[in-house]
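The chain that follows stands alone, in the form predicted on its own, written as structure tokens.
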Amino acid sequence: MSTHPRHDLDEIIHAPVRLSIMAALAAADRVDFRFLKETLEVSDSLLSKHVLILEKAGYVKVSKGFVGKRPRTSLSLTDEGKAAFATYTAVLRRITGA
């Protein structure tokens, strides 16, 4: 008896906003919080909530710094996050038969 691949989907990544965050971060070394917020069309608070979940899971690294006198927050995938996203997308390919 085989188990359907959907059981292998990572529930942390599976939420649409978190999946969108992971996909955006996978496409770049580092992404500015503001750019990500505008790209995903979400509020600061919603993005912060989902980033915190990904950060606690060890998937995302949050870096804070300054550009001139303005604070900047940037995000990047950890090695664990890269591996989790690769696994997640592989499971999606198994489900869709791609």
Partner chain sequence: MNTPSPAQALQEIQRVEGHIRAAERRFGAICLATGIGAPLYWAAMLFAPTLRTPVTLAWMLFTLVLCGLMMRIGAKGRRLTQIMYWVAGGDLVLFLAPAALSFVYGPAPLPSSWTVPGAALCVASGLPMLYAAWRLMKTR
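The structure displayed is predicted, hence computed values, not measured ones. Numbering follows the first chain given and starts at 1.
The discussion below concerns the form predicted together with its partner chain, not included here.
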Test of understanding: in the model of the complex, would residue 31 fall inside 4.5 Å of its partner chain by heavy atoms? yes
Spell out, yes or no, whether the shortest heavy atom distance between residue 48 and its partner chain in the model of the complex is within 4.5 Å. no
Is residue 87 close enough to touch its partner chain in the model of the complex, meaning at least one heavy atom pair within 4.5 Å? no
With the partner left out here, check for me: in the model of the complex, does some heavy atom of residue 12 sit within 4.5 Å of its partner chain? no
Does any residue in 61-80 get within 4.5 Å of its partner chain in the model of the complex, counting heavy atoms only, and if so which ones? 67, 72
